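Coming up is one lone chain in structure tokens, specifically the form predicted alone.
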Amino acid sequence: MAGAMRPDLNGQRVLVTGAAGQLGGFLIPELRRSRAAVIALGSRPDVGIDVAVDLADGEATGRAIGEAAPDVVIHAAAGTDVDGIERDPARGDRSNAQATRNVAGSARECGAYLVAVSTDMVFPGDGGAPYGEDAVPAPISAYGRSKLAAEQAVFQADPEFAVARTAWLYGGAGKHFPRTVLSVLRKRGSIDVVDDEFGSPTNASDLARALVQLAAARGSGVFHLVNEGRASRYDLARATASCAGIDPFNVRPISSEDFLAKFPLPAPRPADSTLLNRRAAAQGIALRGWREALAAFVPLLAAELRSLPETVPATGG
């Protein structure tokens, strides 16, 4: 990652929501490297979780955050099942909008600074990309609407708080696009991937580092934190295959229309939700190019998958 600023949160108490999630798994060690005292908050008791609470419960959230007495809160918890939320928008309202409203209000009450993680899917992707931080959101899915409501709740609590939008996040042990691509290629030998959906692939480790820098700088307002550059899903899948030593011609292009005819999905996706990182970069917080970040990650993922027994993976665009 570019940028010379070394994050220093020495002695500060930093509470991370969603600590057991994809991003949380990278945030915790990154914060410890910045010498912060980390408080890991999850939705249920588990190894490595210091505080367990349902963030949609306002009273419980206020009590938990108040007792933790953080200097900084990084709100990485979210409901990210895009299609599930499209089927049941109340899930997004609860896990994204209401939970964020409770976290932001609780942070304000205890005098903590807040960074909340958001998404490229607050944008429609209908011709306005690449989107800068000042672009007007207009989400086209229930998930996107719930995340925009969450952003609004952050600034209603305190205009000095920060929202960090990211996109196409990959990394960690859970499901993400490069893992799906390699799993399908390993099992079936080829994969069809849409070539007309564009965005900003982002390495979760790089994002975690940038979030810690942003927290140390106490930036306020909206920031876009993504690996530099623009890619189609097809570009990303071919690059993933190539980095794993697999012939990229085993990745075949398909249009979104044809893909959805085979695999219908309830939630619409932006055709091009590429983000521009301008405001953070002006403060010395910039992420490396997406191809460089992917090349650093995929060999580790490929080695992990080679050590596992073969299973039938889920497919997706």
Ligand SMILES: NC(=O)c1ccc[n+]([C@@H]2O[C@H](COP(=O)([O-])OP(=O)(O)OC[C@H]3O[C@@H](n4cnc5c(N)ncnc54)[C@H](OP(=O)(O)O)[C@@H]3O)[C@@H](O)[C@H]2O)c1
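Keep in mind that what you see is a predicted model, and the values were worked out from it rather than measured. Sequential numbering from 1, following the sequence displayed.
Same protein, other form: the form predicted in complex with the named molecule, not shown, and the subject of what follows.
Quick one: does R44 come within 4.5 Å of the named molecule in the model of the complex, counting heavy atoms only?
Answer yes; at least one heavy atom of R44 falls within 4.5 Å of the named molecule in the model of the complex.
Check whether V38 has any heavy atom within 4.5 Å of a heavy atom of the named molecule in the model of the complex, and answer yes or no.
Result no; V38 lies far from the named molecule in the model of the complex.
Using a 4.5 angstroms cut-off on non-hydrogen atoms, would A20 count as touching the named molecule in the model of the complex?
A20: contacts the named molecule in the model of the complex.
Looking in the model of the complex, any heavy atom of D54 within 4.5 Å of the named molecule?
Output for D54 is yes: heavy atoms within 4.5 Å of the named molecule.
Considering A76, V163, A104, A215, which brings a non-hydrogen atom within 4.5 Å of the named molecule in the model of the complex?
Answer to the contact question: A76.
Could you spot which one of A167, L182, L114, V193 gets a heavy atom to within 4.5 Å of the named molecule in the model of the complex?
Comparing distances to the named molecule in the model of the complex, the residue within 4.5 Å is A167.
Segment that reaches the named molecule in the model of the complex - one of 215-223, 139-147, 240-248, 124-132, heavy atoms within 4.5 Å:
Answer to the contact question: 139-147.
Can you tell me which residues in 110-143 come within 4.5 angstroms of the named molecule in the model of the complex, by heavy atoms?
Heavy-atom contacts to the named molecule in the model of the complex: V117, S118, T119, D120, Y143.
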